[in-house]
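Before any questions on how it binds or moves, here is one chain, the form predicted alone, in structure tokens.
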Amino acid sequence: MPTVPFLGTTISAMALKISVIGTGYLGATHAACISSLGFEVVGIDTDAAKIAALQNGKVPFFEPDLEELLSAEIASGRLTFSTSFDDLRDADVHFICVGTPQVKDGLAADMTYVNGALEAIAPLIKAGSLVVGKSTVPVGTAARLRARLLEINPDVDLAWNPEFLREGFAVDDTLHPNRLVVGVTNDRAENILKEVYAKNLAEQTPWVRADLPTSELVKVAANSFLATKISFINAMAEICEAAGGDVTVLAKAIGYDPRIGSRFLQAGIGFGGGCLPKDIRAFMARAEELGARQALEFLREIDSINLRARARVIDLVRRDLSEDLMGKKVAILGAAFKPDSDDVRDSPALDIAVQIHAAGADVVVHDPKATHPAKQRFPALTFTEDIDECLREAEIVLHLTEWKIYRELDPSVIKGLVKRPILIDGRNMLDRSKWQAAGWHVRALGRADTN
């Protein structure tokens, strides 16, 4: 069995014990997946209710395949969860997976949880341990944390290993990543991480060794590029509307260019969630701190285009109903920021629902998985788990999250439920001709009105 050096000694790679600090979306997924590779893993969190749920095999959020994997790993005895930091003393590798939300009074990332995690574990971890950051942080954070760690405990080290999870595909993305990026300052740290990810390396997963700043920049650069591509096609949707063009055909045509590619060229109400919006804003804030504000000035317009797409949907609603929305029933299909997730953070769908409700409309929202978290965040809205109830007597229907269940709706059948058969496809994902043939008036961003 392969071995890895630990301060002049060697231990069996599979004898490596792993701790994961933070058991939210990233941490819970990482802990279960690393356990499934054969390692003994302990997940640590200060939220007792969350830890109790996880220890009982229950995931406090929706992510396909994760709960089954979690239950299997707990049953195997390799995976445990605890609220006590003392339970990570025997671990050899410590992954920091806590959140970095946007600060309330600015664009920057809130480093409270990352800083707190490091301060909590630094005095406890044993000599030879490796702390590995996975949280998305402003560039320069890893070097600062490493210096602080060595100040408290000089016999340990720190590396950075950014995550690239897609909600809805997190388990597969963790077990079969399309690349592994490690920010290290020495060969020893890299070798330890190679043992953790030995199975991935055996599968020929690309391995990128970087310095600490570059490893931090990879994640925010990738998210900024994706956000740019999404906002670009939404900007083209605005031009198509003004010129009488069709953005779906335009996207198809330019997507054949191998330099561009077709992915993320789906015009609609834009991006949301807990990563892209706050990450690009934190990136802008950090660039300004570094004296490089102009380099990322374009991201301000990217953010603006993204938010403008939401406002344009509301303009369409007013165009088809009236400027005065008071008392109009509006059916909203979708609350999560994307399908196969119950994440409603910065959800474009919910943002639109809230704005229409604020204008006086009677808004009813349906989502297959996100009803509970959406209701917790916006209790003033009306939610239902019955699609028919959502649609009944609606004067307009807004398709805002592209769940499969909505694509499978029969427009001829549900036409009998609504008061007026008007549809706004905010994701450009429904079969427009099928809905029109059933007698619906259909609008979508970036497409001329052909009804």
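Residue indices: 1-based, along the sequence shown. The model shown is predicted, which means the values in this text are computed figures rather than measured ones.
Only in words, not in the display: the form predicted together with ligand UDX, which the text now covers.
- Remark: of stretches 163-171, 86-94, 183-191, 99-107, the one touching ligand UDX in the predicted complex is 163-171 (heavy atom within 4.5 Å).
- When contacts are judged by a 4.5 Å heavy atom cut-off, Cys275 counts as touching ligand UDX in the predicted complex.
- In the predicted complex, none of the heavy atoms of His357 sits within 4.5 Å of a heavy atom of ligand UDX.
- Using a 4.5 Å cutoff between non-hydrogen atoms, Arg146 does not count as a contact of ligand UDX in the predicted complex.
- Phe264 belongs to the set of residues with a heavy atom inside 4.5 Å of ligand UDX in the predicted complex.
- Only one of the listed residues (Thr248, Ser215, Asn200, Asn223) places a non-hydrogen atom within 4.5 angstroms of ligand UDX in the predicted complex, and that residue is Asn223.
- With the partner omitted here, the residue from Arg78, Lys338, His366, Lys329 that has a non-hydrogen atom within 4.5 angstroms of ligand UDX in the predicted complex is Lys338.
- Along 413-440, a single residue, Arg427, places a heavy atom within 4.5 Å of ligand UDX in the predicted complex.
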